[in-house]
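First comes one chain, alone, set out as structure tokens in the form predicted alone.
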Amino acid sequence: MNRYVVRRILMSVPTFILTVLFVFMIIRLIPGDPVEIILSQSPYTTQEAKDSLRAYYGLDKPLYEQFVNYLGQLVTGDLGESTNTESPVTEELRSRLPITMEFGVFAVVIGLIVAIPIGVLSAIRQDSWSDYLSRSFAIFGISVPYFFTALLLIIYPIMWFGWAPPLRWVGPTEDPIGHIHYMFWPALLLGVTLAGSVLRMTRNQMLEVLRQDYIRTAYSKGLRERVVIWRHALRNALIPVITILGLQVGIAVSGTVVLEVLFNMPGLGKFFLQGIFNRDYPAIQGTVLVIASFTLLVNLFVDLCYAWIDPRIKYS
């Protein structure tokens, strides 16, 4: 197991470096000069001042030299200084990462609470009205974008009922109940999207497992349906479900970017989008660095969960 973990981490290093290189190059191909954006409010700025600011951020050097310098900064834990907020990117990420992590975990928990029980019920009650309803819900979650449902949630309730979900950030220490209320609605929207794929996979795998001989044997021994379903069938059906859940991390990350802006949440997504608008290279690179690291860790965790679910799986 330990050798497998070390090997997977070492295999992730080239992927991580290629991700950093890709983001480093692609954001510099986007039209727009960060120095011009910074000095856009100063119409009488001289060319000497622009050159000085460009040298301060290291933008006057060739791209390959900028990339080598950036890798050197990464080794020391220095992610640079944001050209937008004029503060270290590390501090910005440290203050915003817990918010995004809480939002993502909240959404995943809601998605699992919805998807797993409904998927199991849909499988054991195949072709019933509950099965048709759950399949329709899964199609809705997959096909309807979360940003579209977010706009509907923000606009129409206030038009019809004079109510809208909270759009002002409330910290957990400021008002715990208000914080949960604030987090619930964007997490619900993202959780429904995540639940669609997980629900369909849970149903399909449960249908396949329920047709196996050992399930019929368990029933013939007189075991209760609850024991057969939750202890024997579901555990064997969860491996593909966990794989899908790991892939949903990318959807959750992209969802946080959009929903954090719509719900005015001061997390990584909002910081990342502001960095794109302002051509804030250090902010974009630092945010992608955190997201890439988190995605690699989640995929490693998903692989390790296989052996916990099915002891027959060995890592050698």
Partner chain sequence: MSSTDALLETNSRGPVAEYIRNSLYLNAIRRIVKEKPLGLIGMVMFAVFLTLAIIGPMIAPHDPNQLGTGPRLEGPQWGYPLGTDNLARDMWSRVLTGYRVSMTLGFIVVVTSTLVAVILGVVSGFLGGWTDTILQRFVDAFIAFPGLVFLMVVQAIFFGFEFPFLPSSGIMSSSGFTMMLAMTLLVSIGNSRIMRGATLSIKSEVYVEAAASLGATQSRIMLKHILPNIMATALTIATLNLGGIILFEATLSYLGLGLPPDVPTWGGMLSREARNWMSQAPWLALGPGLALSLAIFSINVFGDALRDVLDPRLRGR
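C-alpha atoms forming the largest set that superposes within 1.5 Å between two forms make up the rigid core. Note that the structure is predicted; figures quoted are calculated from it, not measured. Positions refer to the first chain, counted from 1.
Here the subject shifts to the form predicted together with its partner chain, a form of this protein not shown in this document.
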As a check of understanding, the residue in V144, L71, I113, V227 with any heavy atom within 4.5 Å of its partner chain in the predicted complex should be identified as V144
Is S136 close to its partner chain in the predicted complex, meaning a heavy atom pair under 4.5 Å apart or at it?
-> yes
I26, heavy atom within 4.5 angstroms of its partner chain in the predicted complex | yes
- Task: Evaluate M159 for contact with its partner chain in the predicted complex, applying a 4.5 angstroms cut-off between non-hydrogen atoms, and reply yes or no.
- Result: yes
Contact between L296 and its partner chain in the predicted complex at 4.5 Å, heavy atoms? yes
Site check Y64, T90 and W185: each within 4.5 Å of its partner chain in the predicted complex by heavy atom
no
Counting only non-hydrogen atoms, the one stretch of 213-221, 128-136, 72-80, 228-236 within 4.5 angstroms of its partner chain in the predicted complex is 128-136
In sequence order, the residues of 181-207 that place a heavy atom within 4.5 Å of its partner chain in the predicted complex are R200, M201, N204, Q205
Tell me whether T90 is among the residues that move between this form and the one not shown (Cα shift of 2 angstroms or more, core superposed). no
